[in-house]
Structure formats: C-alpha cells, structure tokens
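Just one chain is shown here, as structure tokens, and it is the form predicted alone.
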Amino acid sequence: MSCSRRTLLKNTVKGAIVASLPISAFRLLSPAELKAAIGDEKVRWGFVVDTTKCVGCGFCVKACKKENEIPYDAPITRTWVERYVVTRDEKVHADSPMGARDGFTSARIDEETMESGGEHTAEIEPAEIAKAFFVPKLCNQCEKPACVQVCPVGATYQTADGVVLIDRTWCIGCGYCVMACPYGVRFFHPKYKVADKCNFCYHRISKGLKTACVQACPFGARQIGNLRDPDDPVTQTIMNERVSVLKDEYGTKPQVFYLGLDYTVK
C-alpha cells in the first residue's frame, strides 16, 4: 500500500473530476460496458444495492458506526439511507435524519438534511403521495476516483483490488478530497481530525468476511462481491439485471451498482 502512495505522490493534483456538470442520477449500463469495467485483475470489489428491498430500518448505519469507530451521536456516517417521497404534483421530498441511524420514525420529511437551502419540514398527506422509497448510499469506490487525483500527499490511495482507502497518518486535513467527491461521501472524523469515508470494511473483506452493513441488513438489500469472478452473485446480478450507477456523467466509473433506482434520485 505504501508503494501505491509513493506512486500517487508522483502524480498528485491532476485536477478534480467535479466541475460544472449537470446533476442527474444515473443511466442504465450495458453488459458490454460492465465487462469492459471488470478488467483483468483477480479481485475487483463491487457492491450491489437493491432499492426494492430496502425498508429504511437503519440497521446498516448502526452496524457501520459500531464497526468503524464513527461516533454514534455525531451527524456523520460512512453509509446512510435516504427517504424519497414523490407527490402527485411531481415534487420530490427527501431526507436522511442522522443518516437514518434510527430508521424513519416520523411521517414528516425533514428536508434540512438534504440540499434544500435551509430548514424545512414537509407534512405530506398520504393521498398526495405518488410513490415513496428508500435509497442506501455509500462510497462508490470509483474506478477513476476524483479524491485520489486531488490528494496532495497521497493519503487517499487506491488498492490493487479497487478499494479507495485513507491513511490517517498521512492525511493533513486539507479537505481537497471532500470537495472533489461528486457523491458527498467524505467527511472529517471528529476524533482523528482527518478525512473519512466508507472503505467497504476493507479489514473485513480482505479476510473473507462481509462488510458490516451487508451482514446487518435483514432483507438482503446490500451485497458485496468479486467482480472478477463470473460466478459471484454480485457479478451475476450486474451482468444479467438492469443496473445503474449514480452520476455517471462525472466519468468516475462507480463500482456500486443499483437495482430499481428511481430517476428522481441524485
């Protein structure tokens, strides 16, 4: 891993991917594109999120916080769940109170946790709802990660099996990676004062274990697997189902694939 960081130091600050691009959720990926993304390495970790199975219980968020030393009462999470409510007039309401750590216990939509421009609570009559659903989010472990490109000291780096990690002993807390990420998955750890994010529970998957969130999900909405293995259930899913990724237009090539993702999700 240190070798990877030294290589990155020779190629620092190539420019952020994030620019003035239109914000849209996704497009469906073809099998040919997926095969091209898989490459030749023996292991390439990928993730599948089935939005049709998520019930917004928050078990995944709790498990992640406990596993990865994220303060339980802090409004930061490595993974979170968003609730979307689309009304009959086509307005989209979304929130994620405390990252959905405790699930969704109220019908009120607290939109201050999303990019609503300020505090706003929406109370929506059931008759006005056209559709409602939950969307889990986490680091997309991009094939071309913007965060790696902008880190000036190589603290953020990518392993041979595709996982983007952060070396806390190298991070200087400049925040470049936080600003560069198109998906808003990075934050500053309140204890260690360095950048933090989901790392696919690398300490677990490298030992043959599942991630904490996958293990905690009682409905199978989350799966992690080796995209290099054609028989892996995750590989089978992305090759045979209609999957999509978030913000494909940024060109980062996310390795978190979604089933049943609604077009209103950003």
Partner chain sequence: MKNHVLRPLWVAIAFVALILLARYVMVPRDFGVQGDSFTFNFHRAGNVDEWKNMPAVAYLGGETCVECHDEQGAALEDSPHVIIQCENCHGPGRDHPETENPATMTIDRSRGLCLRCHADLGYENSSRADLPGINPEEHNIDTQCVQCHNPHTAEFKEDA
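Numbering follows the first chain given and starts at 1. Quick caveat, the model's predicted, so the values are computed rather than measured.
Below, we turn to the form predicted together with its partner chain, even though it does not appear here.
Taking the partner from elsewhere, Q215 is found to have a heavy atom lying within 4.5 Å of its partner chain in the predicted complex. Its partner chain in the predicted complex comes within 4.5 Å of a heavy atom belonging to C54. Contact annotation for F187: none of its heavy atoms lies within 4.5 Å of its partner chain in the predicted complex. A residue is said to contact a partner when one of its heavy atoms sits within 4.5 Å of a partner heavy atom; E67 meets this definition for its partner chain in the predicted complex. This chain is drawn without its partner chain; in the predicted complex, the residue among V92, V178, V153, M98 with a heavy atom within 4.5 Å of it is V153. Residues of 169 to 183 lying near its partner chain in the predicted complex, listed in sequence order, are T169, W170, the criterion being any heavy atom within 4.5 Å.
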